[in-house]
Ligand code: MLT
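This document starts with one chain, in the form predicted alone, laid out as structure tokens.
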């Protein structure tokens, strides 16, 4: 009788902990709960044609100059606030059907877009948050391969919300895989954080450092949107240099 291989789950609490070559050909989930992951899922669900993640404002400006202006939007933030001259910021509430349907969105944020760009050589790259949790878990459960979770963090530092989300993904994967997982120490810590802080996602977001900051600068309403577990049935997946909606896996809910 053959012994079933235990799937490996590894977690990095910030992109600074991992080199992009370490992520080459791996199955990567990038998490930035507040707010890039939530906003990307929302934008694609509301009809955006694609999200083009970049790591710098200069790259966003350069790329937008080579695309058709009427079908391209520049979106992003620095320190939580919309970048001057851009069409949109990083609030998921801004990305309405009327504004973005059929558009390509060039996207740059303080933490999330850089983590995505760093993971661009992955075998499979998906973007996860609480809002599309079951989409992520369903995809990974069907994939049945080793997984690397990269938390965007906050300024290359640990942040609570991304780590709790990583723990929630692992907890659900463990149930689906009947505990046939080998989880690294960081993953075990994330699981413990989810057990402690994940009982009320909204409360956790309101109390975490970045959530408090967003509330102070006028984005308190975003916290409720980011805390709405499984509210967005969308799986953002890298295709080429862009993120698009992976429609074929939308029904794979764990």
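Positions refer to the first chain, counted from 1. All values derive from a computational prediction rather than experimental measurement.
Another form, the form predicted together with the ligand, is not on view; read the next lines as being about it.
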Problem - Which of 98-106, 125-133, 73-81, 143-151 lines the interface with the ligand in the predicted complex (heavy atom within 4.5 Å) - result: 73-81
Exercise for the section: Establish, in the predicted complex, whether 36, 112 and 210 all lie within 4.5 Å of the ligand, using non-hydrogen atoms for the distance. Expected result: yes
Handout entry: residue 214: touches the ligand in the predicted complex, heavy atom cutoff 4.5 angstroms
Key = yes
